[in-house]
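The chain below stands alone and is given in structure tokens; this is the form predicted alone.
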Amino acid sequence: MSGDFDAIVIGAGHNGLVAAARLAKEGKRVVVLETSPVVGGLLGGSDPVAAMPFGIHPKIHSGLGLARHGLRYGAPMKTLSLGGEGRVEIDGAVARGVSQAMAANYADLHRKLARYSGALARMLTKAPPRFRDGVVGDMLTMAQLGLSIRGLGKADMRDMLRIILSNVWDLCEDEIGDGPLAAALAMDATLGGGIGPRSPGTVLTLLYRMASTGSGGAGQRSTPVGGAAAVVSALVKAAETSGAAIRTSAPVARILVDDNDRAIGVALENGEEIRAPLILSNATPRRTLLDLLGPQHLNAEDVARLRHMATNGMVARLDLDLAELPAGLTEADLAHRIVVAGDMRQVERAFNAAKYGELPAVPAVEFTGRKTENGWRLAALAQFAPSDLKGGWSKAKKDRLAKSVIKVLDGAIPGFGGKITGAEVRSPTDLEATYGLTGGHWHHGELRIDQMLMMRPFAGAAQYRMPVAGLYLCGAGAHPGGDISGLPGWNAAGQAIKDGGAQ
């Protein structure tokens, strides 16, 4: 058996590293165990899956002193829409390349959504309430949320409550009409999940995404200088300088539980055992509880809720190699997020195909890119590409998706297809196999009404505490969910510290 620790963190993705750094900063002896030879999860490696990360949440950036470890941000990222009505540029609340009237309507809508997301932002840095046993802290959390919403004023409060559970399609149709601006908002509301623009609750997911952005401000992505690698490097330094140990190529086989039904450590696949009274898992809820812990330690209701979680991924990653950039696409463009979806109808039609297990003929696409020794490499995300594809994923299906994506890009950027020298597709099932993502889902589970706040990952397992004492969930399957804010890891570590090893 290895030397004992105060805490074990399973998985060195960004949330696991955030959790380890916070625990170590509080004086805990921490070890992080990562299956892969490299750290970072979806941010790791030379071609990270999450090639366009949000900035780490400001509370974490300051709390862990990430600036001291080299993490800084450039100008807020713009969104460039290259589909539909020519080139449209979105810079926060400012839209260029559309009519003056549409730009004004978009600015009004963006400012309104920014106010509403600000009212929700306070909830993201707190453990969600359980509403069990009349706990005062839970009541205070909800009271603070109520006060934040009430602070918007009577008219805005009424409007927020009117739209928050509605769909982004109706919101955009009412406020700005369909087109590239609406398509960009629809992509933000649905990216990574199995929901389309017409799905109920997509306004809430849009507000959540806006609220969780980093230093760029509500709704505006601010990416780090140096990209995903800079985030991983800073988090590793923050954890290690605080005393945490990080072990790669150390896959966990199971979580150890004593006779009192308390987690006491882990066993690695090589047979080594490591003990600690706190176990924080950055793995998905299903992998943590069914695979590593085992259903024998759960009640029947918890097992049923886990197995009914919506976890089917809907995004495929394409790496496209180009000899040179086509006319109409510049190196400066690749510093920003580029969306190729002319209107919400394209996004909705792509979702309609995927929800029936089919590949969309015209996928909605967003991409970024970087210069390489032999030209350029573009990292493209195809939305929607279902993990439960009829007949399963095969090379032929991947080739078909690649051709569809290239056709979409060629339509928006004439001459694009002729510059391609190579293409690689990573399907949701590939992501599941490589990163342990249940269903290949980036967010470890749908961000929808019945899997958010005190219902995330499922009823009875909120506040990061899992049904077995001493075990916490610190990944995207916990509140507030996916993206690269780091908040699930930060909040989970805070809850474990607050509990002091006892639940």
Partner chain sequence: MNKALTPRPQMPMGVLKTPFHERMDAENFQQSWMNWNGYASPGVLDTAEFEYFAIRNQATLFDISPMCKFRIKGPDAEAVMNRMMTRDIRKQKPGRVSYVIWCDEDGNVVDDGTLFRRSEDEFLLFCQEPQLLWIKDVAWGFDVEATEVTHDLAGFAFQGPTTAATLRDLKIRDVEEMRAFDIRDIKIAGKRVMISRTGFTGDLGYELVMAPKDALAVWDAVYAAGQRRGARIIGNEALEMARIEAGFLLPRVDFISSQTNLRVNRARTPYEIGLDWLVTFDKPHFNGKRALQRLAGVAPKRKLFAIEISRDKAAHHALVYHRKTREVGFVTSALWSATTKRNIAYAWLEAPFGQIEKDDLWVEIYLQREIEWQRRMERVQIVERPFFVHKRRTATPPLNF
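Residue numbers count along the first chain shown, from 1. Bear in mind the structure is a predicted one, so any value in this text is a computation, not a measurement.
Missing here is the form predicted in complex with its partner chain; even so, the following discussion is about that form.
For the options Arg307, Lys403, Arg158, Lys371, the residue carrying a heavy atom within 4.5 angstroms of its partner chain in the predicted bound form is Arg307. Of the residues given (Glu324, Asp261, Asp174, Glu331), Asp261 alone sits with a heavy atom within 4.5 Å of its partner chain in the predicted bound form. None of the heavy atoms of Glu269 is located within 4.5 Å of its partner chain in the predicted bound form. The shortest heavy atom separation between Asp399 and its partner chain in the predicted bound form exceeds 4.5 Å.
The shortest heavy atom separation between Asn299 and its partner chain in the predicted bound form is within 4.5 Å. Put simply, Ala93 is far from its partner chain in the predicted bound form: not one heavy atom of it is within 4.5 Å. The partner is not drawn, yet in the predicted bound form one stretch among 290-298, 237-245, 345-353, 69-77 has residues with heavy atoms inside 4.5 Å of its partner chain: 290-298. Looking at 449-473, the residues that come within 4.5 Å of its partner chain in the predicted bound form, counting any heavy atom, are Pro467, Val468.
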